[in-house]
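Just the one chain here, laid out as structure tokens, in the form predicted on its own.
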Amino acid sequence: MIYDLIVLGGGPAGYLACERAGHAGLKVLLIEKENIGGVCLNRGCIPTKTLLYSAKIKDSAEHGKKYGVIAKDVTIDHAAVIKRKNKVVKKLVSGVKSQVKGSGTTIVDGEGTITGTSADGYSVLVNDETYTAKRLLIATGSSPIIPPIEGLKEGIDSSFVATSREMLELMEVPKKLIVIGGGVIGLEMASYYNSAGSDVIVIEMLPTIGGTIDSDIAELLKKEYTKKGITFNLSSKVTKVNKSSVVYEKDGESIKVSADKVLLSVGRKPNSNGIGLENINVEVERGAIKIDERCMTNIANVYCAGDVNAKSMLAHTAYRQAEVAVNNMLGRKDIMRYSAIPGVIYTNPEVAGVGHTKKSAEDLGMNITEKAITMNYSGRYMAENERGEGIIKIIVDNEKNTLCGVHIIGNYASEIIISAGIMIEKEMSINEIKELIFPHPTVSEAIREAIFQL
């Protein structure tokens, strides 16, 4: 059989592409070497959220006295949390697999390698069998970066050093945990294990945490977790990992810290090697597959979506790229835009942002106005947060009189950031936003208040 489309990789980009293409009438083959759902569903987005929700419940119960609710001897049963995580993941994986099959997609388990072209299209080898299709979608995702640090160059000693994948399988909470990397994954794991009882130390090369998030919000998050007991060593470079300790440099001084477990979380790299891209001359730059606004590579009818193109390593970006790719396969004009992709850190409190920060806007020479207000302008936020220090920042493009960035730290940030994203995506003017009606009382009203305080 000659397929209309072969998809390499069953993560968010791959499985959604199969659903969209299959329901549109294309004959689709999906090749996945591990589990449908990819890293996000099996070892990332969903598993971490189950852990973080358990931590949130524990933290709420522990501090319930502020709200007139008293609970004694509150602890986390970590084994039970992991068991529940596995149950949630299993159910969701089963559901996604059912949806993919329901679209008419054929699923092949194994690792696919592109072998070349023929008169019928592109050939892919899986388990000694060759499959052919008119089009390809490469969605092979990403994997953790293992930096060239002494003690890690020869490979990871899994009994001491773990990536996020192994941390989600731990059945016991380490007494002392070192997190190398203060980005999104590192912070979320630090957050959970801090609540679960670990003594957590975060070592980060940059002077701030959270990667590219707003600097003031990053400082507030750091302050909050410092109060909870997490130690942050910023502007610090790890130089060596021993069997029971980590050595790092800070201000010219070499410091050694012992631990029971180390989480290595310094970023992810595209999975572009070993899949045969060179056999059809797909262009790759620093490991990432190059794509245009249609999510097509430099080769006709070869598309790419998700982490492997390194445009924006987020599951929701992967979803949209998959839809753009399939729409173009079907002859429907569609382009990928990156100006209003929300990002979230699911700590407690949550952090969410969309569009430009003040720094990124000023780096582009934009004429902007920044307005920051406390989340206490929201009645609901006040009702649910004793001494909350949440803030919301809005960035306005003065020349266009439109919103170009919103950044929040506080409860429900992850759920209300989409409204800000829509305002930015649709280039709504400030006057148009002022005419919107927000439900009362909600935390989202803080956006409206910030707009009117301009």
Ligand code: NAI
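Everything quoted here is computed from the prediction, not taken from an experiment. Numbering starts at 1 and runs along the sequence shown.
As for the form predicted in complex with the named molecule, it is not shown, yet the points below apply to it.
Under a 4.5 angstroms non-hydrogen atom cutoff, the named molecule in the predicted bound form lacks residue 309 among its neighbouring residues.
Not displayed here, the named molecule is kept clear of residue 321 by more than 4.5 Å at the level of heavy atoms in the predicted bound form. Taking non-hydrogen atoms only, residue 236 approaches the named molecule to within 4.5 angstroms in the predicted bound form.
Using a 4.5 angstroms limit between non-hydrogen atoms, residue 186 touches the named molecule in the predicted bound form. Of the candidate stretches 80-88, 373-381, 311-319, 94-102, only 311-319 contains residues with a heavy atom within 4.5 Å of the named molecule in the predicted bound form.
Checked against the named molecule in the predicted bound form, the candidates 205, 299, 368, 156 yield a single residue with a heavy atom inside 4.5 Å, and that residue is 205. Checked against the named molecule in the predicted bound form, the residues 268, 358, 222, 135 give one hit for a heavy atom within 4.5 Å, which is 268.
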